[in-house]
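Next up is one chain by itself, shown in structure tokens, the form predicted on its own.
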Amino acid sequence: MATTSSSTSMAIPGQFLGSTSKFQPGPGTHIHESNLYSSLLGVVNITQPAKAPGPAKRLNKIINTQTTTELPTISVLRSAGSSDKREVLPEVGNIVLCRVIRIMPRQAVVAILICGDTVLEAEWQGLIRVQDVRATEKDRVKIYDSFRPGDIVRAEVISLGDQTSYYLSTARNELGVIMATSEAGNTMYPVNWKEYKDPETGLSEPRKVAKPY
């Protein structure tokens, strides 16, 4: 009988989960170049394979019924709501994960998905203003060169903002884009603090990249 172990770690869409040499793909995951990635926002679950029966004795022969070694299955499951679950509201100083919804010349509009280690019941809107993108050369910052719609961003809540949006900052080195998709639709990897690269096309795109890159 297979056993399931639920991890406390959260996964976001496109997050690397492990190699296909160590895990089998389960619900909420997909494979790209022999690696497993999360397809949705949720909790990581690892299901261990059922223990194979030992060698079976039959007359004077020992028949080994175990032919292959099964790998554990990794999956990502959406968090199920519960009646005793309370809503967590982002506060000043909290680190949040958010998805860029749209960009404008002076700010990026984002949906806050995770606050700390908690997946939010509702998506709260946040704003990353041009002056809060990075700590240096603020007058040279361009929102289009820092974020694109669909990017997953790690940011800090710096103000409760107005009645509709939280104000967020990516000015620290460890804050910024942690996951990005190219214009061609491929998951990119960071090459430095201001650039992501598409492994398929070889083209680079500007971003405000979060360390470590």
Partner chain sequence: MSTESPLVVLPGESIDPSLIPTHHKNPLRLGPGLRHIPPSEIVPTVAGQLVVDNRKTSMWIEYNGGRYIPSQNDLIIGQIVRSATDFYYVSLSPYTPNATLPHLAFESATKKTRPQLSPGELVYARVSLANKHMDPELECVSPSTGKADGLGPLKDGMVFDVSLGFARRLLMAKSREEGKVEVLEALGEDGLGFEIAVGRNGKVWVNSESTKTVVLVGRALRETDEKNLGVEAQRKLVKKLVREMR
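Owing to the predicted nature of the structure, the values given are computational and were not obtained by experimental measurement. Numbering follows the first chain given and starts at 1.
In what follows, reference is made to the form predicted together with its partner chain, a form of this protein that is not presented.
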query	finding
Partner-proximal stretch of 131-139, 118-126, 99-107, 70-78 relative to its partner chain in the predicted complex, 4.5 angstroms, heavy atom	99-107
Residue contact check: residue 27 to its partner chain in the predicted complex, 4.5 Å heavy atom	no
Residue 49, heavy atom within 4.5 angstroms of its partner chain in the predicted complex	no
Contact of residue 9 with its partner chain in the predicted complex (heavy atom, 4.5 Å)	no
Residue 20, heavy atom within 4.5 angstroms of its partner chain in the predicted complex	no
Contact residue in the predicted complex, chosen from 174, 162, 33, 183 - any heavy atom within 4.5 Å of its partner chain	183
In the predicted complex, residues of 136-156 near its partner chain [heavy atom within 4.5 Å]	144, 148, 149
